[in-house]
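Presented below, as C-alpha cells, is a lone chain in the form predicted on its own.
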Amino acid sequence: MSELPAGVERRAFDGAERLATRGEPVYGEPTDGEWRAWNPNRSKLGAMLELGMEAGLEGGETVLYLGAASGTTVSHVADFAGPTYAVEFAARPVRDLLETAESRDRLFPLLKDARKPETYAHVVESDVDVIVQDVATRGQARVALENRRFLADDGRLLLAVKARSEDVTREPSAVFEDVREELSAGYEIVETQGLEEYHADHLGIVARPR
C-alpha cells in the first residue's frame, strides 16, 4: 500500500474508514468537522489511491487536471495540492466548478478543451508536477501526449482510461492495450491497475515522461 500524500488521511465516517481531505463539502459527501470523505466510487483518482497505486503524490504539487467536470475529484486535489489548473470544456459543469473554487484559492477553473492545449498554454505554468486525466472522449492517449508539454521531466501522469469512451464495441482489454502502446511514444508506464472495484471498464495508469 503506497503512502498517502500529506493532506489526505484515512478517517472514520459512519463507522467506516475512508479517504478524506480538509475542505468545504462539494457533492454531499459525509463530513467530520473540517474533514470530508473522498468517495472512490465517484472519483477515479480516489479509486487509484484507495487501491494503493503508486501515484507519487506527496502533497503541495502543481497539478494540471484534465476533465474536471463539476469538481468532484479536483476539489479534493486542490485541498492537498498546490496550484491546481482544472480544465473542463462543458459550460454547465464549469459553473459548478467555479462555485467549488470560491473556497479554494489554489483552484483555477479553465473553460477549455483538453484536446487543444494550445488554447490554455498561456495560462498553465510549465513544469507542472502532475497531470491528472479523466476525460470521456476518444483519443485519450493523444490527449495525454498533447499535454505532456506542461509536465516536468520528473513529473507524473495519473490517467484513468475509459474503455467505452474509446470504442463501445471492443473489449476493454484490447482498448487498454492500444492506449498503453500509444502512450509509450511519450511516456514510460510505471504501473497499471484495473479500477473495476469502483469503476467498470476503467484502467488506472501511472506514467512518467520519456
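Just count from 1 along the sequence shown to find any residue number. Predicted model only: the values in this text are computed from it and were never measured.
The following text describes the form predicted in complex with a small molecule, which does not appear among the structures shown.
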Is there a heavy atom of Asp113 lying 4.5 Å or less from a heavy atom of the small molecule in the model of the complex? yes
Might Leu145 be said to contact the small molecule in the model of the complex, defining contact as any heavy atom within 4.5 Å? no
Indicate whether Ser43 is a 4.5 Å heavy atom neighbour of the small molecule in the model of the complex. yes
Whether Val124 contacts the small molecule in the model of the complex should be assessed with a 4.5 Å heavy atom distance threshold; does it? no
One stretch from 62-70, 151-159, 29-37, 173-181 that, in the model of the complex, holds residues within 4.5 Å of the small molecule by heavy atom: 62-70
